[in-house]
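In the structure tokens that follow, a single protein chain appears in two forms: structure 1, then structure 2.
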Structure 1
Amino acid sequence: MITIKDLKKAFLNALWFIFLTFPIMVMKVNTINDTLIWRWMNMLYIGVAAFVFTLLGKIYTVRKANRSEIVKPSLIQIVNSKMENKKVRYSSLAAVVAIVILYPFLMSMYQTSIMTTALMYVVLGLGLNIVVGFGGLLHLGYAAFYAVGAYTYGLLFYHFGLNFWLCLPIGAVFSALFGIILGFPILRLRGDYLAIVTLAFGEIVRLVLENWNEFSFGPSGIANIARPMIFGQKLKLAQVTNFTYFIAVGLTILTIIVIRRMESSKMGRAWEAMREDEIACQAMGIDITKAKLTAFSMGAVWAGIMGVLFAAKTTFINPASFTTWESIVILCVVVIGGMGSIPGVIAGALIFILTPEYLRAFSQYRMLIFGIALVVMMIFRPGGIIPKIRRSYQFAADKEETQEVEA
């Protein structure tokens, strides 16, 4: 299977990577006190790693070529077919509900708090999914809306003492307004221009928050924001953590329901048409201005709500939480999960946020691994973890129902 030629290629690859990584991996300088350390062992590791990976890659391609005739059903198809059975569906649903309810009581406060964060990313991912997955508009400034929500609550609480529950809808409305404000100037843009303008918008919002001290208290942010209260009662820290968790669960369920309904509504279908082809979609009589603006504002609503929850959860906000980096993380959640696919985005957010937390042992390397994972994922599974299943309609005399077939 492995010929001399492959070995030679692997050897050359190893040499190339040794050359490539030589200054950065082997030499280490400190220009403050003028020291230079040589780390020759790294050279060996890189060489061996490059050699082994080239051979593994070769084996993989050979095996893939041999295997191609037999098509095995994917894991998702198996799960889907099992779900057809009502018994299985209800019992698994019951299990999920039980786990969700019992989670904060079985796990430590720290774990609950992490789970809350993960659920917040589920909602953020689903919100961005409206813009990117349904509407096909690449949005790199989503964290700005998140910031709008967080600062709405922070400032309203600071100046007027408004409570969390009141601010939740206000934050959502403000975010939606910002979505429309952003939407107007960029109606004519598409593709990469749109991406860079949304990125610029996100940065402008952050820079304003950072520099307009009278308004937003600058880089020091707003501290001592009230946690969510229940009937005006203050709760103890442990209780409030659990309570926040349940709020997050509630909002996640609400988001899932609303977005599922949106997807198959007239608006949702207009978004989908817009994603496929703007001109054809206009020719079919869809108002593209309306479709774009609704996509932006409906996406922004969820970020606003999560912003309010974020401010209430951490009790402290400053502009450093809403960088472009944050927008990119949310985008990665959507893309890794599967664009346009609701279960995909949920899975993506949970994996994306929880895995690093449980891989504390490798905490130093986690961003490194994460970067590689993104590349590998795109090469081997571009549709995401759970790819979108397109709804399709079959015309058959004996089959009246619509069927879902993988796109």
Structure 2
Amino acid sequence: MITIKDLKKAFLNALWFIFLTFPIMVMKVNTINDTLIWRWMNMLYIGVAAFVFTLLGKIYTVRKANRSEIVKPSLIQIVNSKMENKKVRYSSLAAVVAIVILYPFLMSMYQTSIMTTALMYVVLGLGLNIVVGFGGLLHLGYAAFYAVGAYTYGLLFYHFGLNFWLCLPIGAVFSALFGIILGFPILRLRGDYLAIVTLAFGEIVRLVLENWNEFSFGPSGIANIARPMIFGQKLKLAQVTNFTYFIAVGLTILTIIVIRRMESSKMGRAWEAMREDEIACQAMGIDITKAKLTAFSMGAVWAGIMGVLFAAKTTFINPASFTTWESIVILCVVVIGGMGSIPGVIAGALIFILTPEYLRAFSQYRMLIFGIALVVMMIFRPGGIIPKIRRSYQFAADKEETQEVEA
């Protein structure tokens, strides 16, 4: 039931939203005629919408609390149960493969380019997920490793003429080394202090690239970087766009396989233990130094690889492409998708990157709509779109006893 207190709270929330959006939604400056246009109806719309959504949120919360005693399977559990059927699993896999292969041939070159960018953010999100989701280390300078990979390819191509395929592993190695260099000074830092240092590291890398003109060409950046080629043969723009898309698809599949295997490995379990309680983890004999350095270096590897692909895709790089905002976007992909959840990060990257592109029809309000959607998402799904499900283990002997009792 909605009480007077709930109505009062909804009214105050409506006033607060009106106050926050007043300069954007109500005031409009006409720079040609130097006049100020007042759009009072927008203020009414914002207030009514905020009031209604607050009440709907309250109703949703009450109903969720009433249904809390009824245990229902989650979406992932339902999907997993369906996938146990071989026909469903193989038919779903065949459909996904067909869509992935036919996508660049059915869609326009612009749509293919956008999807390539989304796949790049999938890999970046999965790389940061190693550090934040598995290891529990808040990293706000992840774009620095992205920049290292991009500038590795740009500089090696400019000075030595090395192609994309040779620079791909080199960029990964250099980014991993930078991850280790960052990891050593911050081994004893946690929480906010760790976030501040990683944020400073990202800014240091960007400022060095922006001001060291003899090395990185400063704000002008590096242009005319070669696109990926097949056996040394140059491709047309439409062909290289499709080829870059398939490279991104291949690297995404490789990333998922490797990270999935790492999650189940001894080091993956060490990362999760470190995330839950670092002191208890160290008391159990786990080498915290090794775990942290491995998390930073492995997370940086995928950023370096995507940096090389980014340089090859855009053919131009400069420090403005690797700001703190880029690190925040990648972190939002991980948090919104679901920290520690591989399917969640994939879904988060696709939604976070593709949604602003398809909201261009609302050019003036698209980021406002997107921001409101993120706030609503964090209120009602704090665990992310697809939250990580904790694994449960059972001894084989106990399982056999359970089966005998049921029989």
Partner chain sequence: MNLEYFFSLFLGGLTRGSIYALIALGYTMVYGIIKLINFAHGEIYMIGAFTSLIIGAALAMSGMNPILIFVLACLAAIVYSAAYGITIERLAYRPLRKAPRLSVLISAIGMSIFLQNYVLLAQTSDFLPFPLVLPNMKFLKPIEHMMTTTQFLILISTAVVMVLLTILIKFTRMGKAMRATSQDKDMAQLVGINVDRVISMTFLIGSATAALGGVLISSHIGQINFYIGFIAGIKAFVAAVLGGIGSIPGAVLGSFVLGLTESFGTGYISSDYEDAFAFIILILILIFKPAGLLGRKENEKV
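Everything numeric here is computed off the predicted structure, so don't read it as measured data. Note that the rigid core is defined as the largest set of C-alphas that superpose within 1.5 Å between two forms. Residue numbering: sequential along structure 1, first residue numbered 1.
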- line: Between structures 1 and 2, the form predicted alone corresponds to structure 2
query: Superposing on the rigid core, is the CA of residue 351 displaced by 2 Å or more between structure 1 and structure 2?
result: no
- prompt: For residue 46, is the C-alpha shift between structure 1 and structure 2 2 Å or more after core superposition?
  reply: yes
message: Please state whether residue 381 has a C-alpha shift of 2 Å or more between structure 1 and structure 2, with the rigid core used for the fit.
response: no
